[in-house]
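Here are two versions of the same chain, shown separately as structure tokens and labelled structure 1 and structure 2.
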Structure 1
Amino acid sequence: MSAAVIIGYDRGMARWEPDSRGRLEQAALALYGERGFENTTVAEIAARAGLTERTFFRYFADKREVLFSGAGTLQEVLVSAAVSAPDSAAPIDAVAAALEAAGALLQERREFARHRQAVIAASTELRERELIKLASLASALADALRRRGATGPAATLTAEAGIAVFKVAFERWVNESNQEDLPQLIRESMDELKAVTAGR
């Protein structure tokens, strides 16, 4: 059964409803939010999107991945901002600039980001997936720093510390009720990292 049948095939007679991928993502986020990740089956997600389980797995490698389609874009923004920071900037400052760019991107969809984060925080399995995405960001960021001339281990350390800053700032941003500015929170957290590693 296709959703087009239900809707009456009025979208210019396209064979299928467009944006299957987007519909699956919306359905998954909604259902994970309503009943929790573990209590939702892939068949249910697919049904809400007017598709079948098999089609879900053509778009997403597994049940978790459906919440992480934005990771690629985030990584691109992060890396390109790091690469395009002035040559004179120290690695840690290139990282700070990259994190602020990524933060600005997330800020554009505050409500979505909050909802999504609440869903992820409620499930250990989803938290695992998020952590490996963040590790992938750190790895890509370290590569970018090496392209800027940083040495291997220092690049890794700078990138990982930067991602730690990002995590802390993002968590604050998500939980604060006021409309805080994420890039600003990133700057503050970065300063706090510098203070803390200096032994204060």
Structure 2
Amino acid sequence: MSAAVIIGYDRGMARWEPDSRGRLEQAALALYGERGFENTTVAEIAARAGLTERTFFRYFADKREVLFSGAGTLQEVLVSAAVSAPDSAAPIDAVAAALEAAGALLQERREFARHRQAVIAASTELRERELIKLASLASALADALRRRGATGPAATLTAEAGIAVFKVAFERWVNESNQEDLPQLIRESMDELKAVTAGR
């Protein structure tokens, strides 16, 4: 049975409860929006979800990880797509393929991403944590490019540029007025970068 469909039972609950992780995520986002991240406790999140604190810690190390627990999966997708791009692909095109793969993964959780981004924007601590996450993604992407044969400085520069493209596209995507898919916005942002660097 996959982790996504684990059913947990907590003492004092009347029945088996499905999707505990999803319920905790939704409860946390709602409370962060209502009270602010800093003013919300794990106990309150668990209570809102109808679960126990013990169940919360079964899924998340702390209340920040509700917002950042997917970073490892995102990194795996980025690296795998970059490494498996055709040998003939230039480093920037390998990065583009990796970003689009990541975008396709995130596309399925647009509403979660929008709420998550609003919570992060309201907290200095969370904004710093988000920057650390993006730096880690850039470093992993640069390593993937080196495995493809790119030189150190070129790999780093290309990866950093790619993460900047991703950041711009993501910010457009979570805007309520934007209905385009994230992979499409990534392609558009990458094309804009290429046009700028080509002097067009």
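Note that the rigid core is defined as the largest set of C-alphas that superpose within 1.5 Å between two forms. Since we're looking at a predicted model, the values are computed, not measured. Here, a residue number simply tells you its place in the sequence of structure 1, counted from 1.
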Form predicted alone - which displayed structure it is: 2
Which entry of Leu51, Leu99, Ala169, Leu67 falls at the hinge, with the rigid parts compared between the two structures: Leu67
Swing of the smaller rigid portion against the larger one between the two structures, to the nearest whole degree: 22
Value in Å for the CA shift of Leu29 between the two structures, taken after the core is superposed: 2.9
